[in-house]
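Consider the single chain below, provided in structure tokens and representing the form predicted on its own.
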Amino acid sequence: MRLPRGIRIERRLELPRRTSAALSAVFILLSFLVASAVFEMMGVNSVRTLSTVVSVFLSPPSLLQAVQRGLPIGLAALGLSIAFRMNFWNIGAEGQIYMGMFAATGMVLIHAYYGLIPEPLLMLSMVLAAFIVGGAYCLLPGFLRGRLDVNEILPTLMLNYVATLFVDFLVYGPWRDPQGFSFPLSIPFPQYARMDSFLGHSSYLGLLIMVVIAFLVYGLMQRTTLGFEMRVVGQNLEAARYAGISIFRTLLIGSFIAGGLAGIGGFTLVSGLIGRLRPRASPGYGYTAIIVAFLAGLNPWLIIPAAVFFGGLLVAGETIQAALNLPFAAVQVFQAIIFIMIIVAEFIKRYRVSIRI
């Protein structure tokens, strides 16, 4: 699109961190104002709706639920922060979450039916399997990008549907609980395979896992040669080639780690929230993780509170549905408004409009 004469869009060379954080805060507040206007047009009391959202973060039981719902979002967002730093646009975190759920459930079934995994090692095997399978699921788009220069957006997006339908096939078919009255559910996980068997609530262990992984991601990206290579590949491919960096190897490793962290998010979903595998277990956590990653500016430490915030929105959505008789789409509208405002904020952070007469 051609801009009017005298108006130019120029890329900013640098933006102070405080200014960047302030812009994000301003546009999040704007998203609340816009959402209020939208709710009023829908005939909904916006003050009561937004006060319900805020109350989630002021009540300890609701806050624990927000952390619990935010775990798969945050872990997937931590993986996406690595991928996006490499300029690898992984839109497939949703499918990688499903593959993590598949792998974790598979370990439970192997333990329950064949006894091949001892009870003390079951939880660890679930985490490792979820990481490996989720990472392997992201390797194909990484291979296509690194070897054949195929844009990764479409392959990662389409693989989401493959993973979702694959899990549907399992729970409607060979993995259906024989004592589940024909409902499409796997067998219930034993208590020692549930995250709430540690520290009393799954949110405590899950938050600990997320903090540890955020620390590891930060250390990887800021303190290791591999992290430096990932950032160089994301900023300038020609400079990476000139420096002798193997772009193919870097993309493969980065995509594997990104998918693996989303897979661990799938583990927290079945082990911490549901307790078994069921169809459509993720209501779009992988897509929400994209919003969280950008809201946090790809900063691993900021991803944690951003994920809890969106987890709280999901909890608030259920409360709003019950109290105000609203459809879940109302909460999705709220999330969409926040996402649009984040995109606008990111544009303003990276570019400025120059008017020359």
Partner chain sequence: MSLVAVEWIESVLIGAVQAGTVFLIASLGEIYAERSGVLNLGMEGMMIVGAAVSFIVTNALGHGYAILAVLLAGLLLGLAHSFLTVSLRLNQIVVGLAITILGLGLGGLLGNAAIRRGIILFLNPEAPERNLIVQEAEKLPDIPIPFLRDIPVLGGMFFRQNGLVYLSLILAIVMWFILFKTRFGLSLRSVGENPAMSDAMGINVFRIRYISMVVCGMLGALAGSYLFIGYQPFWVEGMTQGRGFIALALVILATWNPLRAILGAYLFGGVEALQFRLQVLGVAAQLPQFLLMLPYIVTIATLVLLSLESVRKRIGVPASLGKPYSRE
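Only a predicted model underlies this, so the values are computations on that prediction, with no experimental measurement involved. Positions refer to the first chain, counted from 1.
Unshown form predicted in complex with the partner chain; subsequent notes refer to it.
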query: Which of 22-30, 295-303, 321-329, 65-73 sits within 4.5 Å of the partner chain in the model of the complex, heavy atom basis; finding: 321-329
query: Among the candidates A281, M195, I91, M107, the residue which, in the model of the complex, approaches the partner chain to within 4.5 Å (heavy atoms); finding: I91
query: One residue of M158, L199, V212, L124 in contact with the partner chain, assessed in the model of the complex (non-hydrogen atom, 4.5 angstroms); finding: M158
query: Triple contact flag I153, F166 and I340 to the partner chain in the model of the complex, non-hydrogen atom at 4.5 angstroms; finding: yes
query: Partner proximity in the model of the complex: P118 to the partner chain, non-hydrogen atom cutoff 4.5 Å; finding: no
query: Proximity of F183 to the partner chain in the model of the complex, heavy atoms at 4.5 Å; finding: no
query: Contact test in the model of the complex: M42 vs the partner chain, heavy atoms, 4.5 Å; finding: yes
query: Contact flag, I290 vs the partner chain in the model of the complex, heavy atom cut 4.5 Å; finding: yes
query: Residues within 4.5 Å of the partner chain in the model of the complex, restricted to 101-125 and counted by heavy atom; finding: none
